[in-house]
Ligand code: IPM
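This document opens with one chain alone, in structure tokens, the form predicted alone.
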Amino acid sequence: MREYKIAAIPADGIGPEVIAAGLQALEALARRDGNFSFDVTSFDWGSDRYKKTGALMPEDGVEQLKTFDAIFFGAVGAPDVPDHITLWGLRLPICQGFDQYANVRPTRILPGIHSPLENIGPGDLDWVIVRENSEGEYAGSGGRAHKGLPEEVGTEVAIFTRVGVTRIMRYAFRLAQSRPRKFLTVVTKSNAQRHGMVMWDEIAAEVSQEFPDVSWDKMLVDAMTVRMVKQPQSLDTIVATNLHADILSDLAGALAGSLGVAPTANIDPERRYPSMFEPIHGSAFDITGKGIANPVATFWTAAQMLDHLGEVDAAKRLMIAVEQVCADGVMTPDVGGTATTRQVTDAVCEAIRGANL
């Protein structure tokens, strides 16, 4: 029996609702398989803790997570706490502390879900966006001076290192190599950002030499938004900087029908530390407690976690169950359905237990 130690951090807003749904599905998979199990430890870190103690997690929070096989993360953010405090107080310290430098965001249109794009359906949009997750625009370098005065200045310095860019390029090329089309699009903004972005382009060209079987092209990020909308079939694997991929992956989720179906994996490819898995949608306080949060992104995120842990068959089984349930029309309102979070979760778990899976 393989036992995996999972750190669950539901955090804020709909985070607890969707993480509970994800854990229910994982338990159903474990019972169905019979060869693995989960030892889940929950952590009450998040905005409520910040409002009580002044910190979203303990000082040794990252150290506490080191012994786990994976981290299952909900969402962080609250209307009455500034966003930069919640982001830098919880999610980023974990990502950067564990050098989870590859943020992987698959996107495809699931059966039964309609894209806002005309004449686009399942199979027409099937992407994986690889986001550099350790430096770039989110390196945290910069500062403010003369606060409140007319001459106040704020600087935000993007940092690109040869090591950081090379390793994310290699990861993206390898991922593209593993997919049927073997095609990668490198996103940049080197016409305006002529130092770090030009280096980004140069390193992409260098790394491409290591992967002669992978075709690739290059896009400026603004033109990329147009291509994603106008020519989605022309894209497959995409790699971009921390900021650019953050924005593009939200657009990708919307084009696939809803951010409620968009997953994320924060990966340490060298497996020195636990990787972290989270749905992309955020804390969504406008629907918190209404029972209509879409758990599909969390199920897909759980499938990424299973795949990372080596439980490939269970990951496939989970996604087949999700696709069956969506195709049957059991969906939450954000994707045009009328089902509740619990109804979708129960349907997915029932499909997991079904003999045809």
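Source: prediction; values computed, not measured. Heads up: residue numbers just count along the shown sequence, starting at 1.
One more form of this protein should be noted, the form predicted together with 3-isopropylmalic acid (IPM), which is absent from this view; the next part is about it.
Engineer: Sort through 150-158, 226-234, 86-94, 200-208 and report the only stretch with a non-hydrogen atom within 4.5 Å of 3-isopropylmalic acid (IPM) in the predicted bound form.
Structural biologist: Heavy atoms within 4.5 Å of 3-isopropylmalic acid (IPM) in the predicted bound form occur in 86-94.
Engineer: For the three residues 105, 131 and 138, which mark the spot I'm curious about, does each lie within 4.5 Å of 3-isopropylmalic acid (IPM) in the predicted bound form through at least one heavy atom?
Structural biologist: Yes, the whole trio is in contact, each within 4.5 Å by some heavy atom.
Engineer: Is residue 246 close enough to 3-isopropylmalic acid (IPM) in the predicted bound form to count, meaning some heavy atom within 4.5 Å?
Structural biologist: Flag for residue 246 set to yes.
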